[in-house]
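Single chain ahead, written as structure tokens, the form predicted on its own.
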Amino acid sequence: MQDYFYALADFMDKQLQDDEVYLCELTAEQSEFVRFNQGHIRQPGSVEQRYLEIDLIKKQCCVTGQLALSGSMHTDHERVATLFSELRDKLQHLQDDPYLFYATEVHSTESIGTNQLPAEALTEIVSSVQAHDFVGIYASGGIFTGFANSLGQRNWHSSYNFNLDWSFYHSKDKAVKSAYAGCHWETPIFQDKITQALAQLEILKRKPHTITPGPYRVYLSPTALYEILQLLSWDGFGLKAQRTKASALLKMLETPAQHLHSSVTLTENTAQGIAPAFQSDGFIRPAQVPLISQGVYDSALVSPRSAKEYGVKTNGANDEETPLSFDLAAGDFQKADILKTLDTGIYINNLWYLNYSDRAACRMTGMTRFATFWVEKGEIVAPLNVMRFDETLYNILGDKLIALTKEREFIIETDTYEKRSTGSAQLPGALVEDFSFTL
């Protein structure tokens, strides 16, 4: 596929006229999907797709088009030539784009992932969940991204990973949700997740506990914390949102005394994620971009357009300026001590339906869901009925943060809209006191 893409790029070089420039990005996948229900495979399937997005540029004008590649060089040459003709017709009607900015220094890179995906994964999954109402989706395979331009730059990135997103269902709205993702399958890790989920399933069969609204000590699993960070990524870390004062981190930006707990170091860690280290305008992403360092705001994600608009240097962020490879540094708290330290409080596996209740204050609201438990004297005693929380980040990861766990979990986004996501995160769990539940 890499050779095929580069051959297409050479063909595109010959389509240009006068002082035209092109940029193009290939996104492709070879994926296998398996749907489970009641512990059995119900629907296997596969997807192989390749899309090419082309920007045709002349001076300060740019027009974009996309096409699906067939894999036949003759057919795809015709499609590319037709698209170039259509883009050229549109280009003459466009006005200059003052914020058009693309890489003009050639920086070619190559990152080729090793396919270590296990052939025995499905057999192990089925044998481990029989006799239980197990429902979920297993997605695996290769994800490929390529970049080329008429200046001679060529970039390639491939990654092979799997993502098992599942639940053990009990009844009504009661289920234990879990996930296992990575680039190579480790049976001990998977079996530990199954054992923990089944233990929680047994507790889920007990009579649910109801609490009154108010502040409680809670444990947020890495998955629950990921929901919070995903919401925060909506205009939280981008330069454009910060300069237009739409960022939820506005208080941190404008008030030096406003910060998070000193143990919080949050990084866009491209080197350890599964996303490519280049973007669609040809700029190379740094291995790491420090977003929050020891609780203090550090730097923003800067797309090329924002860099041009505000006169700063880009760090290869995407157009949305959202993190693709979250990395929250580990704490020094042992996961084995969670329940003992929690003492009496709430163990939260999942959060749901998050949104801002006060964006300027970075205040969020959402629901608990799936296996959330009431803990007394260091023991889980009952499932907790669904509750709504309303809390600010400056409490969750700031004044009210007790500790972050030493152990972290690697999470891959489960999104498959149009294509499998390359978003990921490496996150610890968090112990928080006085976490506010409203109803």
Partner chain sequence: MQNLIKQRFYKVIPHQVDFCSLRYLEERSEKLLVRKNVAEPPLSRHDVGVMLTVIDKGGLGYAATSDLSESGLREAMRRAQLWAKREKTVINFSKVAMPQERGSYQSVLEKPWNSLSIADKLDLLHSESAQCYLNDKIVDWQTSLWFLQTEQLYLTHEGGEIRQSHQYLIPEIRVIANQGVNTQYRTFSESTYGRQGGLEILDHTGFVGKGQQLAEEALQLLAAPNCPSECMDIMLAPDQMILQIHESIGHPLELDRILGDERNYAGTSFVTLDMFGTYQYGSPLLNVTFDPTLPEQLASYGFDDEGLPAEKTYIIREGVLKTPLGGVMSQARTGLSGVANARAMSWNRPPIDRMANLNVEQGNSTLDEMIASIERGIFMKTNLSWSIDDSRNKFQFGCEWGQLIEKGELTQVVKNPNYRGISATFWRNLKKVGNQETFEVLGVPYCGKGEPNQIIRVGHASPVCLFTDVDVFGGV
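In this text, all values refer to a predicted model and were calculated from it rather than measured experimentally. C-alpha atoms forming the largest set that superposes within 1.5 Å between two forms make up the rigid core. Positions refer to the first chain, counted from 1.
Missing here is the form predicted in complex with its partner chain; even so, the following discussion is about that form.
Checking Thr255, Thr104, Thr344, Gln191 against its partner chain in the predicted bound form, a heavy atom within 4.5 Å turns up for just one residue: Thr255. Taking a 4.5 Å heavy atom cutoff to its partner chain in the predicted bound form, the contact residue among His261, His157, Lys177, Arg285 is Lys177.
Checking 143-151, 263-271, 290-298, 124-132 against its partner chain in the predicted bound form, the stretch whose residues place heavy atoms within 4.5 Å of it is 124-132. At the 4.5 Å threshold, heavy atoms of Phe410 stay clear of its partner chain in the predicted bound form, well away from it. Residue contact with its partner chain in the predicted bound form: Leu198 places no heavy atom within 4.5 Å of it. Shown alone here, Met73 lies farther than 4.5 Å from its partner chain in the predicted bound form, counting heavy atoms only. Using a 4.5 angstroms limit between non-hydrogen atoms, Glu418 touches its partner chain in the predicted bound form.
Residues Trp234, Lys240, Thr244, Lys245, Ala246 are the members of 215-249 with a non-hydrogen atom no more than 4.5 angstroms from its partner chain in the predicted bound form.
Annotation: Cα of Gly65 displaced by less than 2 Å between the shown form and the other one, core superposition.
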